[in-house]
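This document starts with one chain, in the form predicted on its own, laid out as structure tokens.
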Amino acid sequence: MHKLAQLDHRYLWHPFTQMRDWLKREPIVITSGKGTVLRDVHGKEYLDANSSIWTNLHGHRHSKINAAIQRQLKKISHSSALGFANEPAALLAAKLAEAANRIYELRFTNDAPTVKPARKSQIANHKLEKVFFSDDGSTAMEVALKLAYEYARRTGRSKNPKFLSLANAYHGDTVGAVSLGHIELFHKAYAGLLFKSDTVMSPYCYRCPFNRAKPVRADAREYRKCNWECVDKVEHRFATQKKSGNPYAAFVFEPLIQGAAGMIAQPKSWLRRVTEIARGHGAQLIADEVMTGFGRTGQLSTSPFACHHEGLQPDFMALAKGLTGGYLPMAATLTTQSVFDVFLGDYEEFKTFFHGHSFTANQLGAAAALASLEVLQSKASIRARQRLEQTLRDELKTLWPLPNVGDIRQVGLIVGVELVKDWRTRKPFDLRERAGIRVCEAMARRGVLTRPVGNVIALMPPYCTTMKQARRMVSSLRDSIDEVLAG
């Protein structure tokens, strides 16, 4: 065993990992990377098929991001945002607000975006123009939660604000973010620490009890037969809560696709329907774009955010993961002027937002994020993402003949392949069978790295991935499923 692997075994505790299993074998120790390719201590090369846990947008060691960080290092790496401002953070906040408000350049006709001047009332009501920086997706959601909580109290909507989120929701691992989550496997152990939030069914078409369609070899969203009962459930939840005299303060969701839930992709127009219900009941909208932001869900005119695919502008947008291109931990929570205003007052009123982080708005992260945004908005990157999305769509069709592939869900450059014992019955593997883990281990032996979400194999390649590399990722998955699960 390599000496670095020995040190890892002796000292490190890895996240979301059963360490007894980890200690049974030599781990893959990554030492370098370039583009989509990673290299370990033994010189073996791998394709990074999940963008280093969904963070790396443009590939490893990108020349423009490297250069931006190096330039910033010659100035300063970090100074406190508590009482001081800095250049790259101010520039980044302006860029994020600009990107988040491009929805007001769009008009949605038959679900197809076309350019049109914004209505002033829309901008005034929901323009995202205030940015609070933090460290990661969990803290970005924690900020949104606290702001929405205080906004509801200070505006008189509720003395005891309540929140509604989706079944199987995951919004991070800080206590507030966990309280918004509803994955029992992750969250049950901490039940005694959490505040109660309510849950409503998510639009999981493949396993929806209201979907009357028999399984066929296609994405379940395409052949579902239902009457939008999942939307009715949301309406019922809001109406019931309103009758209690304490209407929901906010509705929390991941737009278009729920990541840690198992890459559960939402059918078209579901998000627009349920957020219209939430708005109709006066609730604010908290969009968790930690995974979906920055072009992950596909190109939409000039906007890089998933919400805008359905003509939606939330009151809070949480960003992280790809914010710095996958280089440094940094997050942002965007919100409206009306939320900002309820925290204004004389010093002695103590209406300040009492929340912060030591590395908030740090210069290195902001410099990396500015460079990443510049790359993201380039014509070359947009064309590359469009080609990669279509290549994945074409190659994924080769998985349908496999009897253990139940559903294939793709939203832009996010893919979830659900493994089952028999596609005809949708019978799932028991988690104890480790089907997803064993398939990913077989993929690693073939030089492709990704991580399962239960029995769902996720593919989320960096945007620089070539067509040849994308085809290899899918073929590796196909061969690994066949090796591990056939027979």
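Values in this document were obtained by computation on a predicted structure and should not be read as measured data. Residue numbers run from 1 along the displayed sequence.
Heads up, the form predicted together with a small molecule isn't pictured, but that's what we're talking about next.
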Next item on the list: Work out which of the listed stretches, 290 to 298, 265 to 273, 208 to 216, 391 to 399, brings a heavy atom within 4.5 angstroms of the small molecule in the predicted bound form.
Entry: 290 to 298
Note to self: Exactly one residue in Glu150, Glu310, Asp136, Asp315 has a non-hydrogen atom within 4.5 Å of the small molecule in the predicted bound form; which is it?
What the structure shows: Asp136
Note to self: Only one of Pro88, Gly412, Gly326, Gly172 gets a heavy atom within 4.5 Å of the small molecule in the predicted bound form. Which one?
What the structure shows: Gly172
Check: Contact between Asp407 and the small molecule in the predicted bound form at 4.5 Å, heavy atoms?
Finding: no
Check: Going by a heavy atom distance of 4.5 Å, is Trp54 a contact of the small molecule in the predicted bound form?
Finding: yes
